[in-house]
Every structure is written in structure tokens, then in C-alpha cells.
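So this first bit is one chain, no partners, the form predicted on its own, shown in C-alpha cells.
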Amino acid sequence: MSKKSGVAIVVGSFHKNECETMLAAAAGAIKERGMDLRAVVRVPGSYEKPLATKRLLLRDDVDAVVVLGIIEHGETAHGRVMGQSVSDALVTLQLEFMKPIGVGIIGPEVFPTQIQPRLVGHAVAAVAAVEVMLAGAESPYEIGA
């Protein structure tokens, strides 16, 4: 019998109510897929997500991390810069640790009216991505096969 994959979640708290909806959806999806939720880390915003993610990836009981949050459309380029910086950092961590990171960050540039319909879908999709990548790590396929 193989061990259950341990998944952790990093979630922003800036959009508290919306992020709690995302957290509940992701936690449910992790359980439905037979994985174990090992930790939930709440951070103030998106810039703090890479450091929290790295701390979790260093843990032996964490096989993957799901990162959730919202980067709203603003009056300046701040959101686009934040989104790109966070995305780049998470990809780098994924490759450094060879552990999957499912990104369920809505935005950047999302308008308030676009947030609610995306909450559950983005959270569940991030968990599904982790599930696929964990399965691939356990049973690699040959290119062209």
C-alpha cells in the first residue's frame, strides 16, 4: 500500500472571506482525492506566498503545496508586477525542490465582479494539478510512447 501524499496549502488573507471559500474548496478536493492535508499557512498577501511555500517544501511530510489567493486589478502596475514576481518564484521553487505547486491565484488584473465565480474553480484546479504531477512523479511516462 502506497503512502498518502501530504499536501499543504498557503492562502492569502487580504481577501479574507473569498480566500476562506477557496481554502474550504481546496481542502475538500484534497480529501476527495485521497491525499492528506498536512498544513494550512495563512499569509498577509501574495508577496509572502513564496517564502511560506518554501518553508513547507522543506518539510519531509509535505509532497506538494497548493497556493491560493487573489490579485485584484489596481490603479497601477503593482498587481501585474506582484503576479509575475510570485509566479516566477513559485516555478523556481517547484523546480528546486522537485515537488509540485498548484497555483490557484485569481488574477492579476481581476475585477471584483470576476472574483466570486472563480473561487471554487481555481482552488479545485490547483489541487487537480498537484494530483496529476504527484502521479507523474510516481509513474513517469516515456515521451513518444
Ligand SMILES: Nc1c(NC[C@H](O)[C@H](O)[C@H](O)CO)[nH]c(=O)[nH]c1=O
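Don't overthink the numbering: it's just position in the shown sequence, from 1. Here the structure is a predicted model, which means the values were calculated and not measured.
Not pictured, yet referred to below: the form predicted in complex with the ligand.
Enquirer: Once the ligand is overlaid from its position in the predicted bound form by fitting the nearby C-alphas, are 3 or more of its atoms within 2.4 Å of backbone or C-beta here, so blocked, or is the site open?
Expert: Placed partner leaves the pocket open.
Enquirer: Heavy atom within 4.5 Å of the ligand in the predicted bound form: which of 44, 28, 117, 112?
Expert: Residue within 4.5 Å of the partner: 44.
Enquirer: Should residue 70 be counted as a contact of the ligand in the predicted bound form, where contact means heavy atoms within 4.5 Å?
Expert: Although the ligand is absent here, residue 70 would touch it in the predicted bound form, with heavy atoms inside 4.5 Å.
Enquirer: Examine residue 82 and determine whether its closest non-hydrogen atom to the ligand in the predicted bound form is within 4.5 angstroms.
Expert: Although the ligand is absent here, residue 82 would touch it in the predicted bound form, with heavy atoms inside 4.5 Å.
Enquirer: Spot the stretch among 59-67, 46-54, 29-37, 90-98 with residues whose non-hydrogen atoms come within 4.5 Å of the ligand in the predicted bound form.
Expert: Going through the listed ranges, the match is 46-54.
Enquirer: Using a 4.5 Å heavy atom cutoff, which residues in 7-23 contact the ligand in the predicted bound form? It's fine if the answer is none.
Expert: Going through 7-23 in order - heavy atoms within 4.5 Å of the ligand in the predicted bound form - there is one hit, 14.
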